[in-house]
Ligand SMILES: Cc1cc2nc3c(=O)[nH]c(=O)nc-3n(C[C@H](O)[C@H](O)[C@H](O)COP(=O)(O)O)c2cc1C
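Only one chain is given next, in structure tokens, and it is the form predicted on its own.
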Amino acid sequence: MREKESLKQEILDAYQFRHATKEFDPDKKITDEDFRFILETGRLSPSSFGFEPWRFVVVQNTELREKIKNSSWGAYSKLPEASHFVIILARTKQDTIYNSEYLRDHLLNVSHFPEEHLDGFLSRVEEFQRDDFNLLDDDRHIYDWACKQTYLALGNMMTAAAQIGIDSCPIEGFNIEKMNQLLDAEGLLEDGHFGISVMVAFGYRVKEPRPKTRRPFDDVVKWVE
């Protein structure tokens, strides 16, 4: 087993290596094995109540890539050169509200939640959604709640990629309404059960980035003792 200090340094090195890659080498492709590993770190990511309100759409189709490139200013410089391109979808209110068929099925058949305790648990979820986080005021609140959780998976995938020497770039540079219209026309939103949250490109850098800069540790960390 590796020493803890060595493992910690490897992880920090990966964080230093990772940057928002703007240009990808079109001649370098990620292996299927490596990319499945990256996706698996997303699949295993945590989510509120364990509801997994996401879907990872891997777009390798050149025609759809071109449509995305022309519809998203943030993706324009990454496509088609990126080795792999992922659209992270978030489940909408249809699936994430406390009394949805998706949640009941997920809890019973994926989480193997005891059926005799299911209604009581979902009542607690309703209380959380209605009173604690005020998620039921409108459809956007609960959708944004799901989107926030997809960023946990996004961060884990980008970090895992960096640990094996693969570059990435998260992308929010798009009009959400227009992108949802495009994805809906492609049949990817399943009649309103999903909406776009964020996109991310993976591949290998063309050139080295500028040195990483961050605010000082003591400026971003506050201890309360």
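Everything numeric here is computed off the predicted structure, so don't read it as measured data. Don't overthink the numbering: it's just position in the shown sequence, from 1.
Below: the form predicted in complex with the ligand, not depicted.
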Whether Arg43, Arg91 and His141 all lie within 4.5 angstroms of the ligand in the predicted complex by heavy atom: no
is_contact(Gly173, the ligand) in the predicted complex, heavy atom dist at most 4.5 Å: yes
Lys207: touches the ligand in the predicted complex, heavy atom cutoff 4.5 angstroms: no
Contact label in the predicted complex: Pro80 to the ligand, heavy atom within 4.5 Å: no
Contact label in the predicted complex: Ala20 to the ligand, heavy atom within 4.5 Å: yes
Among 102-110, 70-78, 115-123, 83-91, the region lying within 4.5 Å of the ligand in the predicted complex by heavy atom distance: 70-78
